[in-house]
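Single chain ahead, by itself, as structure tokens, in the form predicted on its own.
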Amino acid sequence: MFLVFMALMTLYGQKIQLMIWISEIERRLRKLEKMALESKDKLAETASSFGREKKGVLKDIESFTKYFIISPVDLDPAGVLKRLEYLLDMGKSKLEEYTSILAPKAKDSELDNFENMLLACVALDYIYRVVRHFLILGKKTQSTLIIMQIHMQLPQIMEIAQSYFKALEAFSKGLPIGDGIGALVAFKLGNGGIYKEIVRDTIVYERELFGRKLYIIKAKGPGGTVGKPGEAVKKIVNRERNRLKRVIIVDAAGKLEGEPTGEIAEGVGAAIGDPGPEKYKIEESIRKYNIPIDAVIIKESLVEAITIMKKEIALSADKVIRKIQDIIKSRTMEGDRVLVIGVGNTIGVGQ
């Protein structure tokens, strides 16, 4: 019996393993499908509170979730960032058009939050379709390699999908998320100073601190937007020129497993999770006038970045402010001008 068992495992062991993997993927795929459908239902329910009927809006959502942006050609890199920025702006306009159709009676800040909900639905739908694609392809070709690869990545895929699904609650209620810690720091640092909208969806505070003049940039809240911090930095740097002595940028950053949530680290460079255009504008502006730049990051996981802000992340804001104050006192002089940028989604964080 032992020899027969060994012979069967030798001949059919791989097929049995393949069947086990396929069964596990199918089980997880059903969960992904459920999350994708529930996210659309939640989006339709939210849209119904802004002047649309739930039944009618579901058809529009189904077509909108196939939304995509095609990257510009990069074989000739000259001007690729300008073309990318143009396409991103066009994509933003298209999303605004979608959200206006889905939620015609929503206010500006509510439309921004609704747009974030739509993007979460797009992400969940895409994850579901990609996993389904590789499962069907693996079954059709009986490829152990394809099935094995998708099975090995399932834990991370499910974690990402669940984070987007949980994010819907924050977006629907307009609550701050982990990625908004940079905006929260800017709000707390600039609170009490005068502010104005310097570029679209982006404001700048002006205030005095330790005898220095501070310019503090953040996205305009409390709607869910990241603004255009690079364009704002470019305007201020070109206006102030040699009078600006230091730039400090604050943003959330991915943590490594084992690192505590809310841990603060300091470095150099443009700490901004941007496809390229905004980061390029910051780097090019400070390089032009040789302005030193400090980066302060708050560590958190992907799940923590797009879900309701954790207590540990919120409490780190005051620690970051103290670090910014130390940088200002130790690395600038009285009479200097300093630019502080709070990067991140400003949902739930006003001004």
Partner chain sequence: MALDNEKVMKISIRLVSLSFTLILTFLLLSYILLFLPSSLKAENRTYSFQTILMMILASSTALLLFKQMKNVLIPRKAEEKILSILKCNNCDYSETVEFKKGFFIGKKVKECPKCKGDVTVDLIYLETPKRSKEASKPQT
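Computed from a prediction, not measured in an experiment: that's the story for all the values here. Residue numbers count along the first chain shown, from 1.
The same protein has a further form, the form predicted together with its partner chain, not shown here; the description that follows concerns it.
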| item | value |
| --- | --- |
| Residue 143: touches its partner chain in the predicted bound form, heavy atom cutoff 4.5 angstroms | no |
| Residue 70: touches its partner chain in the predicted bound form, heavy atom cutoff 4.5 angstroms | no |
| Contact test in the predicted bound form: residue 96 vs its partner chain, heavy atoms, 4.5 Å | no |
| Touches its partner chain in the predicted bound form: residue 314 (any heavy atom, 4.5 Å) | yes |
| Candidate from 132, 207, 107, 173 lying within 4.5 Å of its partner chain in the predicted bound form - any heavy atom | 173 |
| One residue of 309, 32, 47, 296 in contact with its partner chain, assessed in the predicted bound form (non-hydrogen atom, 4.5 angstroms) | 309 |
| Region of this chain that lies against its partner chain in the predicted bound form, out of 24 to 32, 281 to 289, 51 to 59, 37 to 45 [heavy atom, 4.5 Å] | 24 to 32 |
| Residues from 335 to 351 in contact with its partner chain (non-hydrogen atom within 4.5 Å) in the predicted bound form | 348, 349, 350 |
